[in-house]
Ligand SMILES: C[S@@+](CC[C@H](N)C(=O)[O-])C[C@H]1O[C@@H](n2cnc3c(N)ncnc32)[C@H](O)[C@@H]1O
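Given as structure tokens, the chain that follows is alone and in the form predicted alone.
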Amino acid sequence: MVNEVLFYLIGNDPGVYVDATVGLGGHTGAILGSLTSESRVLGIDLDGDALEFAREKLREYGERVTLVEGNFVDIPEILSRFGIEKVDGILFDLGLSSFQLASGRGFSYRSSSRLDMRFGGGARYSAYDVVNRFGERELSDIFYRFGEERFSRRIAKEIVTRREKAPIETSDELAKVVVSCVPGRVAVKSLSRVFQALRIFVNNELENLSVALSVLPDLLNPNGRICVISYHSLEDRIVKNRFKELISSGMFLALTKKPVSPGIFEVQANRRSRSAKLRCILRKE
């Protein structure tokens, strides 16, 4: 949704913008390319490997771009480190990138890699720790709370039974356990939900998003914007409710009355984009 992001995110130029989930640098490059040479972008990501790729991709922009390995919940501290008091736009693209799916860290149930699912350093547990050490009730709660999986209890019970024989070490081993205990017609959806739930729990994604959206609006200049692309209802609910609070305060305007979805051609080119929802708000003068 690059064109949509540029349309809603960019207001002040020159300005300072933050790509809170820089990934491989696609959005960052597009933002820099659409701004005058006096503008700059601070890109943040937990994934050091992705940042190295982005650093090479964005080399042409020189000092206009600064890339930092870190958590977007720490944006206030990171901005202070670089002497930045206010910014003109903040972008969150909360989706899992193709790079991460192919990273060998267990994000995808379609591959065979060790269960890890950590975006970067600082996570308390890996997915392997959760699957092999957490109790049945804890697992069930994780699958239900963060994946909205209706077979959460059945799946948790089967995981505990299987790991008594041998640890569940890889993504395909976990996938086989899930598939073995849910109806075939919903197997793919259950797989997606279980893997989503583990990833969200391991990386503390929802709490980090809530904290970030509670403090970052105060860092915006007048006409500054926050844009968030979410990919499932749990994320979108947090964004929707927080934006509603900010708009009710009278200090912000909704740029998107309803969430913006990708166009049909983008969905055809990238099936994973079909669940994306973009919401944006603007700080008043």
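Don't overthink the numbering: it's just position in the shown sequence, from 1. This is a predicted model, so every value here is computed, not measured.
What comes next is about the form predicted together with this ligand, which is not displayed.
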Candidate spot V22, D47 and G95, all three touching this ligand in the predicted complex (heavy atom, 4.5 Å): yes
The single option of Q196, S171, S152, N71 touching this ligand in the predicted complex, heavy atom within 4.5 Å: N71
Candidate from N132, Q100, S113, S192 lying within 4.5 Å of this ligand in the predicted complex - any heavy atom: Q100
Candidate stretches 152-160, 176-184, 121-129, 87-95 - the one whose heavy atoms come within 4.5 Å of this ligand in the predicted complex: 87-95
4.5 Å heavy atom contact, H27 to this ligand in the predicted complex: yes
Any non-hydrogen atom of N208 within 4.5 angstroms of this ligand in the predicted complex: yes
